[in-house]
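For reference, the chain that follows is the form predicted alone, supplied as structure tokens.
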């Protein structure tokens, strides 16, 4: 009797394999850093200064990424509960609790090996006050050098020359001397320039990838697929030839999909027919990431633009790291991150995405424990509906706490929202129909 052949795995394209290798190699570098006499920096994604960190031969550990990795591996729930047992509130950002719980449980990285204690904490404050409190707790644990780069909030919706000069002054007088002291490596501005050249090349290809979603059908999903695309450029790889090669491969693959008229690749295979085009505001849920994505995939809903993929830089608005103005470029980068922008400029950006990407509407994933995104989202929803005439809706989840992901609720709300879009297409009033 013949056996049914096993289901084929989703094809892994060269860029996917490349990124996996990069991530695994970085965790191995971190695990072996102390044995090799290498110093370690911990920093965050928004406003991170990876090119500068590399100038001092520091390994780069990003606590947010560790929390995300643990969430996707279904490990974050027990780590959060460990942190809560130690007195941290249920309302605290679950990235923080997952990180603190991981520290308490042996600080094992995704490769199963202990992550090293940091030699320096480098915080570029970009709109999330929680980062400051997070690093206060980490500093209390490790008693290590802490460098604070204060980045002024863009309260008027844009950066000024005085704001830029203020950040550059701190880089020169606080951050660079501090990194020299910790690492024992003298700063070389020409080395920084070279890293910035690599960054700019990768950023060009990255923007091309994001903007490919303006096509019909979109060859990418700019939210679920987008979180993979942002990985190298938002973390420990920006400025490296590895990142440049990754985005070259990714652009090549997406160009091939465009030529063949194909939609995005998903964990379930090719996307199929594109029925709805959405803009999504807010981070994804990581603990049920694949199930979350599948809900959209099953309905034929592709995300053509998202705000979460801009937390590490708004390259699609024209910013590039500039080797001719290296420190000023780092300042501009930190100032322009999405979470450092005021609410009116965020609304302007979302409106631009709805129009430029010909989206059917805006869907907000309101994150229970993330104030940086969740504050003001009801105002965002109402204003986008008013400006564009397109329907908008909420779903509610959390970052890495599995207790706050209800698959049934998310699915019901998503289906109801897509029905609103259908009614809008037929000329009915979504509000009246609801």
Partner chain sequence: MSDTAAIVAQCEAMFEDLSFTGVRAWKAAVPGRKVVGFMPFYVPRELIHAAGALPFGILGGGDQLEVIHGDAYYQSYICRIPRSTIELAVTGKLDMVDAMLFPSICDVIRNLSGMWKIMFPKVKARYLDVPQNFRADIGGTFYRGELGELRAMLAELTGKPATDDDLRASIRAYNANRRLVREVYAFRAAEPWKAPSSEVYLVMRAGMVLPVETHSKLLADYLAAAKASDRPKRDNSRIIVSGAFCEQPPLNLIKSIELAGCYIVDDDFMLVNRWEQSDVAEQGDPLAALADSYLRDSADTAAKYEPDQARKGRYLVELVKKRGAEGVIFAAPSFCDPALLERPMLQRVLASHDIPYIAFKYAENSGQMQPIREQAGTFADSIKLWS
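Numbering follows the first chain given and starts at 1. The structure presented is a predicted model; accordingly, all values stated were derived computationally and were not measured.
Same protein, other form: the form predicted together with the partner chain, not shown, and the subject of what follows.
- For the options 127, 109, 231, 77, the one in contact with the partner chain in the predicted complex, meaning a heavy atom within 4.5 Å, is 127.
- Between the partner chain and the residues 240, 183, 339, 235, the one pair within 4.5 Å by heavy atoms in the predicted complex involves 339.
- Note that among 241-249, 207-215, 135-143, 69-77, the stretch whose heavy atoms approach the partner chain to within 4.5 Å in the predicted complex is 135-143.
- Interface membership of residue 257, defined by any non-hydrogen atom within 4.5 Å of the partner chain in the predicted complex, is ruled out.
- Using a 4.5 angstroms threshold between heavy atoms, residue 123 counts as touching the partner chain in the predicted complex.
- The closest non-hydrogen atom of residue 166 lies within 4.5 Å of the partner chain in the predicted complex.
- Contact check for residue 273: no non-hydrogen atom falls within 4.5 Å of the partner chain in the predicted complex.
- For the marked spot (162, 174 and 382), a heavy atom within 4.5 Å of the partner chain in the predicted complex is present in each of the three residues.
- In the predicted complex, the partner chain lies within 4.5 angstroms of at least one heavy atom of each of the following residues of 58-95: 86, 87, 88, 89, 90, 91, 92, in sequence order.
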